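Shown below, as structure tokens, is a lone chain in the form predicted on its own; questions about how it binds or moves come after it.
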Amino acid sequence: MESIETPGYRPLYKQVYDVIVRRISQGEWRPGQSLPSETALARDLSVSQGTVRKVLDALTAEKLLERRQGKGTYIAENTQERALFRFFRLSRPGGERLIPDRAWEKVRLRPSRALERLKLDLGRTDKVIEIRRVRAILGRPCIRETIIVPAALAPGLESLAPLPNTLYSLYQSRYGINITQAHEELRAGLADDDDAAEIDVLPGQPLLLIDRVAVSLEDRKVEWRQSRCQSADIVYAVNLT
């Protein structure tokens, strides 16, 4: 098996997991493409079919792969709908999922700032792409977002405006970056004058503040997103099991 170490150093399952993840990240299999069969992968990697199945099950649970009954295992695509369903958690009280639309945006390339470098593990001279935008729900501007992306990960992103409603599908299709995790912190805040000028709130009204760092399959920090959300009739809904 390619670049595999002895099982005494790392569990064989973990070695196979890392090899398959590396092949996906290097573009050997593209989004929407089917993987070879478990038997073929096991033969290629010189391991048992059971080990391969365990790895594929884990990657399916992580939403990187998807099983299609009677057809096989495919690389999951971060379509607009899929990314919104997986990563966008705002709802009406009671559970009705809300889908945001892009209202307006401003995109620019600029030098990074100290806090951005800390959040995204950047060097002092690294540049970033700043995306400022307002998102609407049912035509009502409800969310202000500031999104910071390392310029080295997404070269030319600033020239692609207008950007799609969800950026994760663009990261995957254009740059080969698969977002697999999002680390979020939520807190309460109050609307300021800028909020009142851009979304449907008054100064001093309560806001939901969401701080998110999106992480790729290779554990790279891909974007830092700060969202300021009108919270009068919107909640952040999570199902815990």
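Values in this document were obtained by computation on a predicted structure and should not be read as measured data. In this text, residue numbers run from 1 along the sequence as written.
Although it is not shown, the form predicted together with the DNA is what the next lines describe.
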- Task: Would you confirm whether the three residues P36, G50 and R67 all fall within 4.5 Å of the DNA in the predicted bound form, going by non-hydrogen atoms?
- Result: yes
- Does any heavy atom of G72 come within 4.5 Å of a heavy atom of the DNA in the predicted bound form? yes
- Query: So in the predicted bound form, does any heavy atom of V21 sit within 4.5 Å of the DNA?
  - Reply: no
- Query: Is L217 one of the residues lying within 4.5 Å of the DNA in the predicted bound form, judged by heavy atom distances?
  - Reply: no
- Task: Classify K63 as contacting or not contacting the DNA in the predicted bound form by the rule of any non-hydrogen atom within 4.5 angstroms, answering yes or no.
- Result: no
- Query: Can you pick the stretch from 174 to 182, 201 to 209, 188 to 196, 41 to 49 whose heavy atoms fall within 4.5 Å of the DNA in the predicted bound form?
  - Reply: 41 to 49
